[in-house]
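In the block that follows, a single chain appears as structure tokens, in the form predicted on its own.
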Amino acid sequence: MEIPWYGPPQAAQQFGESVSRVVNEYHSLSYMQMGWKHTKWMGVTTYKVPNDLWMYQEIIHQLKPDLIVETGTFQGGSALYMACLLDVIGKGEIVTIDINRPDDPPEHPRLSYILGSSVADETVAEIQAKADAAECVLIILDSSHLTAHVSKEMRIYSEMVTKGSYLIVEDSNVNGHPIIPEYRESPGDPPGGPMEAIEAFMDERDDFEIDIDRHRYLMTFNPCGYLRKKV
């Protein structure tokens, strides 16, 4: 799989490598300053950059999903954010999955929590039942970023994504794309992150495409991670 440039194609054609270098340098600086760790929605930490939060708003408005599935809850800020967006469009629910429960999880009538592994059989069965009853399903993967785990999640949850909707793979910027070369979550892990899982997935599948238009704000923590299921 040939990885597309991280910014909009028209900018790459016009400005070439100089723009790519500037975007990657800004990306690295933004990450190192850790402002994304303090991005909050209604006082709850989201661990997201505003560019991606805004893009989620655009996608949710466009799709009007019946079901959003998020793997990786952390403090629940991004789940609360999306639940509030579902309120605005007047439909849908979000289910967020994690092996840990936040100390003080935010509550919202459209938001529910599953405590467990995103790839455990019982978790998958519960989500599959919800997906079977939904006309539009949006999936966001943000649990462990190790290649093997992301690959397993992608194989499982790609089957639940409805046509025209998205499988969003978060934090594909790690392992040198452009941050944290030799990414590991513990010393014994082989290096690798979500981007490597995306590469393998896209080499094997022809029913998804990378929506490069979702890179139009130049910097995203999910490069090549907005995967749209073909209609």
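Position 1 is the first residue in the sequence shown; the rest follow in order. Since this is a predicted model, take the numbers as computed values, not measurements.
This protein has a second form, the form predicted together with a small molecule, left out of what is shown; the following refers to that one.
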Note: exactly one of I94, V150, I97, L138 sits with a heavy atom within 4.5 Å of the small molecule in the predicted complex, namely I97
Picking from N51, S28, T45, Q57, the single residue whose non-hydrogen atoms come within 4.5 angstroms of the small molecule in the predicted complex is T45
Counting only non-hydrogen atoms, the one stretch of 139-147, 104-112, 85-93, 125-133 within 4.5 angstroms of the small molecule in the predicted complex is 139-147
### Message
Quick check on E70: any heavy atom within 4.5 Å of the small molecule in the predicted complex?
### Response
yes
Answer for S117 alone: is it within 4.5 Å of the small molecule in the predicted complex, judged on heavy atom distances? yes
